[in-house]
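One chain comes next, on its own, written out as structure tokens in the form predicted on its own.
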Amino acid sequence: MKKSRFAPIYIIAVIIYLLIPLVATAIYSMFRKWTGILPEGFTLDHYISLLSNKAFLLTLGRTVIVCIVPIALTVVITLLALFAVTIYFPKLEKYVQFLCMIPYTIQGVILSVSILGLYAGIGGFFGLRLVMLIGAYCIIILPYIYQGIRNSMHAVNMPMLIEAAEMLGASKIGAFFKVIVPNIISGITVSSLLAVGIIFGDYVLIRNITGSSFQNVQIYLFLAMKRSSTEASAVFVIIMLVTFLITALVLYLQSRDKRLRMESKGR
């Protein structure tokens, strides 16, 4: 198939089109007002105030922490479930897939109200609002994590690789974590980054489940919108930068790990 010479132009045009809202928001956040053709009153006061605001930094830290925990739990549980289904119960895979796709149809309001109705009245560990929130996030991101890991496993032909590792003396579970997981790390990474975006953008679940006791950046953004639109724009830009930094860090660590494996094999 002949490659079009205009393909790079199309790609650049799409990238510019997608970046226009973010660039416009960033410009708006650095000016006091923008009622005419050009913005007026350049200032970085909102960024200085936010980055020196302990409440905002704590909110940002809480969001990162509550983002990492459910993703890690969901990835581990999904890996073990797919290992068991693929190796021991292959006929049950379609049922597992159906169950993992159900959260696609569940709205955040319905999920939060259901969780509160079931667990809010009980004491102990499961009655904690933070535990409920983490469980709700695990449900919401499950379809994305499952689909990414499942596709990666089918791409590497997991049963054949495990059989080859067993012939060399490895156990099934050992072969899974030493052979399969390193080969599907790219799929796990992409799924996890998609889940990061979903959790960072959540407002309904955390608002309904934890109320004002555990704020994330979306709640802070909502409160900032009531005070000032330019401040809210600055909060939005910082949220985007944090997600970009997380993505860049994860991709860098993945590429470095891949490079180190290639170098060790070359030796």
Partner chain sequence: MKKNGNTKIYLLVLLPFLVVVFLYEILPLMMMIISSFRSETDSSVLFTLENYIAAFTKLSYQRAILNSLKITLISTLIGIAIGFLGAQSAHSSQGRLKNLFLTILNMTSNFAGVPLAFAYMIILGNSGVLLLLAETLGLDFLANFDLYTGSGLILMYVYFQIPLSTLLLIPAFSGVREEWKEANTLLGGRGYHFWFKVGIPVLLPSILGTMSVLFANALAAYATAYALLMNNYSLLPVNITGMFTGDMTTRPHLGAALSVVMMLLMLAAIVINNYIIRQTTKWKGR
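Positions refer to the first chain, counted from 1. Predicted, not measured: the structure shown is a model, and the values here were computed from it.
Although not depicted, the form predicted in complex with the partner chain is the subject of the following passage.
Contact annotation: residue 225 falls within 4.5 Å of the partner chain in the predicted complex, judged by heavy atom distances. The closest heavy atom approach of residue 132 to the partner chain in the predicted complex falls within 4.5 Å. Contact annotation for residue 162: none of its heavy atoms lies within 4.5 Å of the partner chain in the predicted complex. Using a 4.5 angstroms limit between non-hydrogen atoms, residue 66 is distant from the partner chain in the predicted complex. Not one of 47, 155 and 214 places a heavy atom within 4.5 Å of the partner chain in the predicted complex. Contact with the partner chain in the predicted complex, judged by any heavy atom within 4.5 Å, is made by just one of 92, 122, 167, 72: 92. Contacts to the partner chain in the predicted complex (heavy atom within 4.5 Å) from stretch 195-218: 203, 204, 207, 208, 218. If you compare C-alpha positions, residue 251 and residue 183 are 3 angstroms or more farther apart in the predicted complex than in the form on display.
In the predicted complex, the separation between the C-alpha atoms of residue 101 and residue 250 shrinks by 3 Å or more relative to the displayed form.
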